[in-house]
Every structure is written in C-alpha cells, then in structure tokens.
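Here's a solo chain for you in structure tokens, the form predicted alone.
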C-alpha cells in the first residue's frame, strides 16, 4: 500500500539537527512540517538518566550499531560506531559533554569558501540554542532551549587532583571552555538539567509536538529522495514493510547524520557516477564529494591504578550500585546523574600553535575488563582511572559509501585513520602529554602504576603500535557532505543547498568542512539553528521578490 501526503518541509532524521529544525520551521504555525525518524521513542529511562548511555551504547532499539571496515591505520582492525537511532538521535545516547570548539575552527570554515560561518557569525546561534549556567553574557545565552550545567561541585574528587596537576605544570584553569578561549584545563560543561539528559528531543522537539502543523513519524526509514528533474519534491520511506511517500512543496532537508545523509543521497542517484553504476542506480546528479572527506576524532586510553578510591569503588560493588540508584531516585544526585566524562583539557602539544591541537579526557573510573554492554555500569574491581587523548583537527580523511542498492543495508564506513604523517606525529605527542601529567604532583602521589599500556611501552614505535592496537573513535563523525564553493570537492554551498540541485539541503554534522576541536553535538545544534534562519529567510525573500 502506498500513501502520500503533502508538506512544505520534510526533514529526514530527528537527531541533533533535525529536532532543532522541526521546532524552528514549525514555530510560526504557517508551515506544514514532516519529521521522519527511522528509530522510535526516546522515553526509555536508559536515555533520560545520564549514565544510562552505557546501556544504550549497544542497544539496537536506540542505536544503528555500525561496524566499520578494517582500517590499515588501526592494524587492520574493524571498529564499532554507535549512532543514535531514536528521537534525539545521537544527542539521546551521547556522553553529554557540551563543547562548541575553538573560535579558529569556524574562521577556518569561512576561509574554506563559506561566508557567514566565521566565529562572529555563528556565536549568536550558539547563544540562541542555550540557557547557560552563567546566564546571558557576551559568550552565552540565557533563554535558549538547552540547559548547559556546571557539574564542578558534583564531580569526583579525583578530578580536582587532575586540575591541580595541570596548574602545577603551568596549564591555566579554564572555567568556561565555550567562552573566550578553548585552551586550558577544567570540568566539562554538560547538557544535563536536574539530573536528566538535555537532548534535542527533550529540549526542542517535545515542546513543538503539540503544534498542529508539525507531524512526527517514528520507525519511518527514508529510502529515496524523489526528484522532478533536478528539484527535490519528496521522500519515499518505509514503515515496517509498508512503503509511503510524502511530497515537499518547498524543501527536503536531510538531517540524517554524517553516515546516513550521504547514504541517502547516493541511494537517490546523487554522488559519484562510477560508484552508483556498480549498483545499477540511475544517476540523478554527478556530485563526487558525497560521502568523501570523512573526519573523526580517534582516541586511546591510558589506565592507571590508584592508591586512593576512585569511582570504581562506588560503582563496582552491588551495594554501590544500589546506593547510587537510591541517590538518583530520591534526589537526582550521585554518579548516575552525571557523565563519566568529567574533566579534561585542551592543550598545545608543541610550541608555535595558534590554537590547542590536543583534547585530553580525565575519567575517574576504568573499565578494561568489561564488555561493551557492561562498561559503565560495571567498572574494574579495583581503584583506577583513565586518561585519553585525541588530535583536535586530524588531517586523515575517510569515506562513507553505499555497498548495496538496498536502503536497509548499512553503508561502507572507511575511517582511514592515521593516513598522514601529521596524525602519526600527534600520537607520540599525545602519549607524552598523558605521561607528563601523571608524573607530576599531586596526581603522581596517587598513581600506583600505569597498567595499560604499561611501562614497557616507551619507544615511538611501541607507542604507535599500541595506538593502532587499542585506539577507537570518539564518535564525532562529520564532513561527509562538506560545505564549500566548489562542487568538485564539496556537497553543499554556504546556504547548505546541495550543489546543482533545487529544494534540497543537508543540515547536520556532515556539512562541517572540518571537524571541530572537541565534541560535535553543540556545533551540530548551532548549524541547525543557523540553517533554520537561512531556510525561512530564503522563502520569505522569494515570496516578497517573485
């Protein structure tokens, strides 16, 4: 059976960007908006309780659970990529660290041929999206949908020892990573309010769902963009085995994320003609950059046994789990109300850099001996903590391409990690940074031993071999439909319109020209906020100037 309904805007994907767009495009009541989400409801307590992301990390009800191709840069290992398949998308299953990125990141976006995306241009949209714990300031918003909290008073005491060590080494404290500078050490700001996750589903979509002009369909898997010549006019999608189509009178907007947006373009005949011909897909538009330029942050963790109690001591014993549960149930406090990503730093690993090139994570627990399914809820049975590092702006590039004409088949994800000398050099520098930190007081006073990779791993070759053997994604996939001026090397223009096609935009992390320095959820929301203005202003202008 086939059904068809007409809307002004169709948004594919109710994730970090799609929920923002659904709210903003429907706010006036003048536009009919359809939001399609392949996953289901986000009402599970495992989503709403912050530390529940340890459970959704491998739950197919909420997660695409992608596996990536064997990567030569990681010793031929395959990798696991969780991506949100639920209302809120990855904002419903991430670790809730709210980092915008360096101001220089966005100035680089603008220099890459994207006017209007420099730091001064995007700051108002960052402010628009948030209610910050500092209130309305030059750098922060006080009336936006997403609450950004400061967990400094709630984090594990070990985090303050890490910060004191940074100060001892001359690394300045940074009380606001999203303010004047990214550089320094501090406690991560979190999108958590009153012990509950502040996903885009909770903050943007839920308040808008009562609007009569907004239709939200879950378990609706988009299979193809419908074109009339070069104009996008609708979407075909599946609900179970039933095929549906919906017509868009104004625009189709892809917000399916860095994996699924390029996949849907290719399934619809937009991409590299050679690749499409392999699967007998008719060519709609030759756009070779679709799915190319994949960027991600890849980190490795170093594990340290501690002479004093860590979060392991609280969460490993059964009584500790019960006590943590009681604290959360009765007053929304304790470790269940936070992310385990609690402290960290943005550092310059060598002289002469204008902006930090390394992100350091400090977690007051460890989970080396547990499966993926149990990692956060069952840490190691001894006092320990971990530290990690990743390059802020990697130079390696991967790709995401279809490997079947079947829209339900997963695409081929090829990260291509450590494919440049620059990224390999950063591995050595990152490892030295971690060891410098743990060798300095007061952190050194409580380090009993480095047990992974351990003191035997010392030479540059050994450090690189260890990284290849253990490193993995930090889940910041981006740049696979990058914005730029040249259709030969980019997918969308600075207004996020797909090159060479009409009434079709991409709005999600795939449009980043370069991955930002840090976590990608906040900048994805910013992109959607700005895109909503671009879309609405575009059509208001068109109406006023026929």
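These numbers come from a predicted model, not from an experiment. Residue numbers count along the first chain shown, from 1.
The protein also exists as the form predicted in complex with a small molecule; that form is not presented, and the subsequent description refers to it.
Of the residues 126, 346, 303, 475, just one reaches the small molecule in the model of the complex with a heavy atom at 4.5 Å or closer; this is 475.
With the partner omitted from this view, the residue of 94, 199, 363, 310 that lies near the small molecule in the model of the complex is 94 [heavy atom within 4.5 Å].
This chain is displayed without the small molecule, yet in the model of the complex the stretch 513-521 from 513-521, 497-505, 41-49, 24-32 comes within 4.5 Å of it by heavy atoms. Residue contact with the small molecule in the model of the complex: residue 268 places no heavy atom within 4.5 Å of it.
Proximity of residue 509 to the small molecule in the model of the complex falls within the 4.5 Å heavy atom cutoff. Shown alone here, residue 156 lies farther than 4.5 Å from the small molecule in the model of the complex, counting heavy atoms only. Residue contact with the small molecule in the model of the complex: residue 86 places a heavy atom within 4.5 Å of it. By the 4.5 Å heavy atom rule, the three marked residues 192, 335 and 379 all fail to count as contacting the small molecule in the model of the complex.
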